[in-house]
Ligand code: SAH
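This document starts with one chain, in the form predicted on its own, laid out as structure tokens.
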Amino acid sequence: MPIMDEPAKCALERVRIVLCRPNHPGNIGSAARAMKNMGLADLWLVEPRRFPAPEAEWLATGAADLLASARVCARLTDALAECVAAYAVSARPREWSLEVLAARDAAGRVLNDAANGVVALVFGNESAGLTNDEMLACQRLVHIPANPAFSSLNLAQAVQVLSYELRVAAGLGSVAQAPGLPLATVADMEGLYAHLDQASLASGFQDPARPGRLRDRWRRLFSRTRLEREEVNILRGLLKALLRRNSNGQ
């Protein structure tokens, strides 16, 4: 797993996930797991129906520390008091409409705001979403593009989508690559080209009087990839075996 660079880590640490009036403790646990997967840790719960609860622990799976540190409060204003910005997450547009941002666009804005302090992403109740008052406590509305005929996501799934977009926006979405074998050097490649030239002449594939652009073309062919030293050795081993067979008249 790649090590998170410090500025990106700090920005994610200043993003607060606020769940308003969650009905199902299992969704709280799943949301905590989604957060921890993506490097977020600040969880606040506004009037949860049941918390703490075994179902939250069961579905947190490795994120029990986020549940233990979660803050529970009676009012959304308490969860937002120290925040420099708050983004409401909802599938439903409102007539008076805050500024509406797609999730991917919102992620960059959230991280920009997080440079100045704590920023909240506010999610509503599973059955009714956010109330108008909860929406008005925020400055922007975030919408997750989905099937218009069925646009309401599960609460924990919505947290997962936004947490993922934040991680990608922070520049942490690249896949860790396993270390490879040493790459071929220029000298290795020149040895391969010389070996190809020798083999093509010995086999009669290349006419020494009319070589054309054959040599240029295999250089172009191999320039489109980065061969490992071992791969060059395999190719040269094959050419050596073919040349030996040809010299023996077989």
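In this text, all values refer to a predicted model and were calculated from it rather than measured experimentally. Residue positions are given as counts along the sequence shown, with the first one as 1.
Not on display, but discussed next: the form predicted in complex with the named molecule.
- With a 4.5 Å cutoff on heavy atoms, V142 counts as touching the named molecule in the predicted complex.
- The named molecule in the predicted complex comes within 4.5 Å of no heavy atom belonging to N112.
- The named molecule is not drawn, but in the predicted complex it has a heavy atom within 4.5 Å of A158.
- Put simply, A128 is close to the named molecule in the predicted complex: some heavy atom of it is within 4.5 Å.
- With the partner omitted here, the stretch from 104-112, 72-80, 117-125, 164-172 that lies within 4.5 Å of the named molecule by heavy atoms in the predicted complex is 117-125.
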